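First, one chain by itself in structure tokens, the form predicted on its own.
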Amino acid sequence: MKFIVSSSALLKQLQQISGVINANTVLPILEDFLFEIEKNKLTVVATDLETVMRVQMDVEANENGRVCIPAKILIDSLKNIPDQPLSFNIDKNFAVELTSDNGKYKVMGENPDNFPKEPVADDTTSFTIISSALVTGINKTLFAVSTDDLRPAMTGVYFELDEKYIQFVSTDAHRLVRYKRTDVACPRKDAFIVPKKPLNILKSALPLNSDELTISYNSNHLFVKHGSTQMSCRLIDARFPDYKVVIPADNPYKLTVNRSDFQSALRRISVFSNKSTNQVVLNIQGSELNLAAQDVDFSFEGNERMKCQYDGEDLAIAFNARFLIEMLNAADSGEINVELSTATKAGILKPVEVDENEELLMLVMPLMLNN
């Protein structure tokens, strides 16, 4: 089997899917790309048994065929070959010979019959969504996903579908993020949990534009199709916690601050906080917000004050500064509203300016105040 392909075009496609491949796998064949040639079309597949990603591109080929090629050496060599046509020659023992303008490179391929089979997309429900809506939904929720494998339901993003909207929800029991899009219509009310790894791969592979994607799902798998790129992954088989019960119905006190000023102040103050809790105390009085952190073990202390708008009784409440900084990153607004009630109840962060078809709610649990 022989085919000719542009070296830079191939590298670009392989880099898009190489994130699927794990460094230390149980099966050596999982360190390979599966190359399939059919009618001058090359399909490349990567898998880790849970997530499968495939890309397709045009090549010049004299016949159809399949081969598995080790991913790392192929990508490393393509990175150093300038843009030019590369010819691949594969013999019946799956030895691969690459020929460029000035060189010949040999690598031993493997039998494609040993490559794991992809999940079949049967009995699926489908809907379309614009690429930027999905990427934004992932970006705004992925950071709050739990890393605790003992709570598998929280280690992914919860997709909540409705005929009028789609919601992305994530929580790690200390904070919760809910991002809603009303410009997406799903076929029916439904819900599933998508693991973190495929979402990370998707957000870097998909463009932040208005391209239309097709999302299909069944009871076990999610399938995403964008042009010549396709991804499928196994869904998390667990029940997502009833997150609605933790969102306070009424937080009467409203604090409005400049987002970037608040975030910068938190970054400066958190340097002096206890490294295990990252605790920063917000002391709100009138139109002044005081931020304070200390690490008693090392006698570190930091205090800072900033202007704010506040409607409510004077309040001192403590939060994990790292959580607040990450949440402020997800809000693309100039100003942020923080809704509070008492020092022991969750605070709610909402951006002041949002697009008409989106809604973002972020909740963070307070820390015990050190008296």
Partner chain sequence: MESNPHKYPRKIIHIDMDAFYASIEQRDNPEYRGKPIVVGGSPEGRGGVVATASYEARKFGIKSAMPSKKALQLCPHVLFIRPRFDAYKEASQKIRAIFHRYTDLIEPLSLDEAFLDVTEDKLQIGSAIDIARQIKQAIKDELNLTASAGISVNKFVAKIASDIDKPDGLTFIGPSRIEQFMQELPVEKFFGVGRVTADKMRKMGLHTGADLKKLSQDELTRHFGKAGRFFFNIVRGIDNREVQPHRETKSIGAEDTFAYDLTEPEEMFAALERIALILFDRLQRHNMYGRTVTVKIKYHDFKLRTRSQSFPATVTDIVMITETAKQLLVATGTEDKKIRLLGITVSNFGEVPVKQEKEDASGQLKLF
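Everything numeric here is computed off the predicted structure, so don't read it as measured data. Numbering follows the first chain given and starts at 1.
Below, we refer to the form predicted together with its partner chain, which is not included among the displayed structures.
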- Among 95-103, 242-250, 126-134, 184-192, which stretch has residues with heavy atoms no more than 4.5 Å from its partner chain in the predicted complex? 242-250
- Query: Counting only non-hydrogen atoms and a 4.5 angstroms cut-off, does Thr344 reach its partner chain in the predicted complex?
  - Reply: yes
- Any chance Asn320 has a heavy atom within 4.5 Å of its partner chain in the predicted complex? yes
- Task: Answer with yes or no whether Thr147 is in contact with its partner chain in the predicted complex, where contact means some heavy atom within 4.5 Å.
- Result: yes
- Task: Report whether the minimum heavy atom distance between Ala173 and its partner chain in the predicted complex is within 4.5 Å.
- Result: yes
- The unique member of Gly227, Pro85, Pro82, Pro116 whose heavy atoms fall within 4.5 Å of its partner chain in the predicted complex: Pro116
- Proximity to its partner chain in the predicted complex, single hit among Arg234, Arg259, Lys196, Lys203 (heavy atom within 4.5 Å): Arg234
- Note on the structure: Restricting to 289-306, the residues within 4.5 Å of its partner chain in the predicted complex through any heavy atom are none
